[in-house]
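So this first bit is one chain, no partners, the form predicted alone, shown in structure tokens.
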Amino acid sequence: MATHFADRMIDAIEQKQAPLCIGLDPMYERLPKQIREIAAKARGDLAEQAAAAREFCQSVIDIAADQVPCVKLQSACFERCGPSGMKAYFEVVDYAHESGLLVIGDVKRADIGSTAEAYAVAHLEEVFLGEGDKEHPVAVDAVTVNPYFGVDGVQPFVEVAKAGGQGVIVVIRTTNPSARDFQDIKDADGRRVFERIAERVNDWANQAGCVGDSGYSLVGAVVAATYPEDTKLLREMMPNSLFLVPGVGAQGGTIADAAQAFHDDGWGALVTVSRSVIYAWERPEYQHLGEVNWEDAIEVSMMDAKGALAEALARRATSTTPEA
């Protein structure tokens, strides 16, 4: 890996001309019938599900490789399949890298002390795939982490990430409605919990050795598209953190909402689209393609999302350009 996650991500976004990340959430029950039939050759129910997840994700990667800079793997979809699932997870990571994509492991881990250190090593350091002369190391480019334990829970990930040229993306503002029960609690100064977390993340992002040549830090932030006004505030509070922006599509956010996560120059964020793309054949506007043409539906929906984001950023740039 190169020496800095954010620099590599900025380069990849520029190369693909699309600050878009495809979320790979392979739920067995929703996978195309053709994929499940291929995987049925595997022995055992969990092994079959893991094989299906791997086959499906690799097919999506084939479609995405020339269009977007990265994919995000939801580790829970693989973990549910036990050891065969985790093997499939790293095989998908390896396949994505071979296809020229960066990979974010969506693990949302945290703890304190030696447990946090163990989580950091488990999810960021290399594992080995293959046998004999074909054995080779595999590791994700970044992981998501939970800030609930404070710096004690995050710093071990930052240290491992520094050493490996990787990233740590801290969850700040999430898409689920009940998150507001905690994230919107105000302190004595009227500051909400997620704002206080953002202050700390900005501190962590500006530690020695965290900011790359691009001006962005290896410490990023998960900021949902579903609260655009909050997103604008958080963009100001964390100027050199890359934002990973979920919530577009199935969770109610729009591409225009997600555009608020970017700086005026059009940089600084990566919008994630997951179920709205990888299960596109279920959506009314793509149902005419049918499940039998599920790959076509994914490709068309991915290109639609890419075009919509480009248009939203162009409109935002026009609206923020000062008059002569």
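This one's a predicted model, so the numbers in the text were calculated from it and none came from an experiment. Residue indices: 1-based, along the sequence shown.
Separately, the form predicted in complex with another copy of the chain exists; it is not shown, and the next lines address it.
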- Query: Any idea which of 230-238, 213-221, 196-204, 95-103 reaches within 4.5 Å of another copy of the chain in the predicted complex, heavy atoms considered?
  - Reply: 196-204
- Item | Of Ile63, Ala256, Met27, Leu289, the one that lies within 4.5 Å of another copy of the chain in the predicted complex (heavy atoms) | Met27
- Message: Quick check on this chain: which one of Pro137, Gly130, Gly209, Gly150 has a heavy atom within 4.5 Å of another copy of the chain in the predicted complex?
- Response: Gly150
- Does at least one non-hydrogen atom of Leu46 fall within 4.5 angstroms of another copy of the chain in the predicted complex? yes
- Item | Distance check, Ile172 to another copy of the chain in the predicted complex, heavy atom within 4.5 Å | yes
- Message: Against another copy of the chain in the predicted complex, would Asp111 count as a contact residue? Criterion: heavy atoms within 4.5 Å.
- Response: yes
- Message: Can you tell me whether Ala161 touches another copy of the chain? I mean in the predicted complex, with a 4.5 angstroms heavy atom cut-off.
- Response: no
- Message: in the predicted complex, does every one of Met86, Ala118 and Asp187 come within 4.5 Å of another copy of the chain, counting any heavy atom?
- Response: yes
- Interface residues of 263-291 toward another copy of the chain, as seen in the predicted complex [heavy atoms, 4.5 Å]: Arg275
